[in-house]
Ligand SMILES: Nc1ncnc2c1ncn2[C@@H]1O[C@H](COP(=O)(O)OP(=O)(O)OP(=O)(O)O)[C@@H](O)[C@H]1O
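Encoded as structure tokens, the following chain is the form predicted on its own, with no partner shown.
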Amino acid sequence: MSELGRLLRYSRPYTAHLLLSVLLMACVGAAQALTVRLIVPIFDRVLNPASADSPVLLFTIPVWNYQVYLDRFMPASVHNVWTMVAGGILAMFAIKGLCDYAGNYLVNYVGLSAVTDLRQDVFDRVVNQDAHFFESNSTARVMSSIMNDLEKIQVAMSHILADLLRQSFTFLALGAVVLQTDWKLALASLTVLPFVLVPTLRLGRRIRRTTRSAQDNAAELNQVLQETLSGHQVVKSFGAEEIESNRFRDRAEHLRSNNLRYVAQQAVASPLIEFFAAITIVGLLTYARTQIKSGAMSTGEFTSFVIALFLLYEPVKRLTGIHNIFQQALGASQKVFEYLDRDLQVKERPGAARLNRFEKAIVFEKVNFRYPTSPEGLVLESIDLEVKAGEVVALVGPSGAGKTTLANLVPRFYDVTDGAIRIDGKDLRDLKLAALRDKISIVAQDTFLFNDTVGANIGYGLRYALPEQVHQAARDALAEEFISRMPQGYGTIIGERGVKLSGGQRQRLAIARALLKNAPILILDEATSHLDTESEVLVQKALQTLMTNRTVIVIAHRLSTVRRADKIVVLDRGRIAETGRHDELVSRGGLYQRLYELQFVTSDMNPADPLMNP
């Protein structure tokens, strides 16, 4: 019920539309009931001409029956009963149709709007999550929840909600008809309902569990699909098409099995209703013979009662199906609300200060860090380090030493486990996140570009950037030369993750994006790795432009890129092993010297590297 309440809260901004739709659906139910009541004069007067001018006892007919007004204000000999009945039928169907159309539209408007708001809240929550969240949840699973799970909720909150209102008011109106005609007979006929509703309610819980399992299966299927398509080159190079096909088939079979289980569960109610309805009909016909013979009930009244009862069972059958679909939506909503309820590991403190400018230094004070997913050991331990404004500080060391982790603590992708990181004396945790990250640019080895135009990817670094600013950033990053050769220049779509570009071209676009942002702190994470010699020279030149007048933290395996650094920090197993300039560390005989000899004494150096010849 708490999940249902949370879903319904999203409809509050559209309360006026919802109330109007409820009123219109009430009119639909009333029109349905009035149409059934027209059966009485059809059988008792229209199809029995001898009784057309005879008085009719109407004291037992409800006030909303039109015959009260016909016989009260117009003598039976004056009005034509058939004309009035035919007009009543046409009017009721017209009212029912118009109200149903308008009410259905309004309910769908409310449902679709509410789920759109919910989807936006989920997306906003996910996009603001910290790195821990994305380590624990695969992209495909999150996408499945935002799209597939919310699709189930959307169906329930729009089409099915409209049907719920329609069938509920129809049930109430037809129930009034049968109770008014013969309340004892009506109660006897409706005693079968508990035999239908109780099993349906119990099945609802199973349906919710089955739906959650089916949605998890759909997420697994999406994961296989996403990984296979993204890694299609790896799949082909290893000849693993059949393996991926079997993985996909296995997940699809699990999804089919759970969907069939849902179909079997939700279909149980229909035969139950049909069976008990048949029992009721047999009993009614037996009872009707005695009632009609004794004159206690006219043929028209009994016919109206039977038709109303038949029609009454249809809403009951529909409402049981609607209940099951709502259970399906509640099952799908569990994962959605898990995302909304997940606490942020990295969050902004109340009253956080705004970092207006960076002027002095970034200081690491006895920093310890461990990943929440790997609590058994520290990744960084007892880190004391100062990066002064305007310095170029290089982080080097073996793979797994903690270089990237250390750099990722500066923009607060993670929070330290112990100790503190301060910028100009202020603890990062006391600063506004947006203001902090606005002062930092990152150019990584794995450059991410959007499937958009060249200009849009560069302009991502600065909102509302003018075309002239984008072009200048591209020129400074030595990217305009290849951009001008592209079919539509800055308007060229570069494909998913920039697939239409070379590695060097992607890096230069990333550098242009960082130049446009113009942040005072720059983090370079293996920015020249995996490039050919020509591309590396161009990227290095572009990086020199980007590094000018900035505080730079450089992460590098290739020591050629850090020779000119003001300070080189050597990390080993999460600790700082050495600190100094290149010449000092080479002659010290420590880890840096061993790394240097491994790279340059036993391998060819690249004389074209502009940083190799200071």
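Residue numbers run from 1 along the displayed sequence. Nothing here was measured: the structure is a model prediction, and the numbers come from that model.
Another form, the form predicted together with the ligand, is not on view; read the next lines as being about it.
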| field | Per-stretch contact check against the ligand in the predicted bound form, the hit in 536-544, 116-124, 404-412, 90-98 (non-hydrogen atom, 4.5 angstroms) | value | 404-412
| Pick from 489, 390, 467, 400: which residue has any heavy atom within 4.5 angstroms of the ligand in the predicted bound form? | 400
| request: Select from the listed residues 346, 379, 519, 385 the one whose heavy atoms reach within 4.5 Å of the ligand in the predicted bound form. | output: 379
| Might residue 373 be said to contact the ligand in the predicted bound form, defining contact as any heavy atom within 4.5 Å? | yes
| task | Mark residue 135 yes when one of its heavy atoms lies within 4.5 Å of a heavy atom of the ligand in the predicted bound form, and no otherwise. | result | yes
